[in-house]
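Have a look below at one chain only, the form predicted on its own, in structure tokens format.
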């Protein structure tokens, strides 16, 4: 099945902007049916037709995650609840969850975007696609499932975890492509080795789709080498549906973001003013095709930039660089601003380091200490202890060069650190617990 929407995906910039302005005014019309936007628009004097060109989107106010929580559960809903067929939600462990509602047409549009994204990454209806992701309120499972089926692949809704079963499914049904979070794939590879299996030799895998948690280019290349596949970066967030927001094509040089479905801005997270094209800032997004719960100028907190130049694939929509972190992921130790991705980037360049690590910030004797636990191969603990000490010092030195804070490195055996079916927990700040 062909999901190369050439007329849309190769629109020139003027055509993209014309389409976006038309859809944005339609979205304003729909959004004012919600309690939240109706009150806000009246306060700000915003009406359908307010936006005449794409630059005027700055006339519209931002929407934040806190706005969604403050108006939980139905304050953003624009239709009768009888017209809503599904909701997805965050866990809400620290307060009200963020909930997104969908009509049947919303789900159809979402499935089309995921199918288009998979096609962009080289997936075809001849593939056997194994979805190694949790099904339920988390969008990754059902979001990919509907897109896989829309594309016409044979789908295996494997769900998360249970590595022995995942490997058996791959071998029994000849899985050629799969979706999983990067941190889980490292664990899966360890199980392959424990079974004396080589995924390059003992499976038919050729493609992975990875996402849901920030990861470095080094992490991606390590996954490709371990499994003998091409691993394509994907980006999505539940507030914008879930997966299918942006995807790499087979050239792997940035995430094509579907500008016929979303308006994308990158702003300075402090001033909230647009940053120059190509500079890193906070990603702000507006839905253009959602009926039940459109969101306008939603602050994602994700940090990225628009990539310059054209893509050889011929698609003209803007490309995003990989997400380098979140504005709320940054932590400060001894006056230094540190992002987890900085530390991962260092560790993944050290061959002896495993792919699982945990950063803990703790106050010890009135000093903030950066403690990093890193899994390494089991044989390191039965060999020369001097080599273990040397590796510890090497890691500490390289991390300090990157983040300007000397960490306490603790090497641990494989499987020692917590495993998660969802996004990996990379940072525990015990200072916030006290």
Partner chain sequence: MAFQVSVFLENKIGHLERITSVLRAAGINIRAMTLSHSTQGWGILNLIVSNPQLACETLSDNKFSATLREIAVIEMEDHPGGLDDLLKKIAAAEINFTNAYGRIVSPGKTAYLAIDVEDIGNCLEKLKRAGLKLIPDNDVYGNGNH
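Please read all numbers here as calculations on a predicted model, not as lab measurements. Numbering follows the first chain given and starts at 1.
The form predicted together with the partner chain is left out here; the points below concern that form.
Scanning 397, 378, 42, 59 against the partner chain in the model of the complex with a 4.5 Å heavy atom cut-off leaves one residue, 378.
Residue 194 is the only one of 225, 198, 194, 279 with a heavy atom lying within 4.5 Å of the partner chain in the model of the complex.
In the model of the complex, the partner chain lies farther than 4.5 Å from every heavy atom of residue 68. Contact check for residue 412: a non-hydrogen atom falls within 4.5 Å of the partner chain in the model of the complex. At a distance threshold of 4.5 angstroms between non-hydrogen atoms, residue 392 is in contact with the partner chain in the model of the complex. The partner chain in the model of the complex comes within 4.5 Å of a heavy atom belonging to residue 385.
The partner is not drawn, yet in the model of the complex one stretch among 33 to 41, 60 to 68, 404 to 412, 46 to 54 has residues with heavy atoms inside 4.5 Å of the partner chain: 404 to 412.
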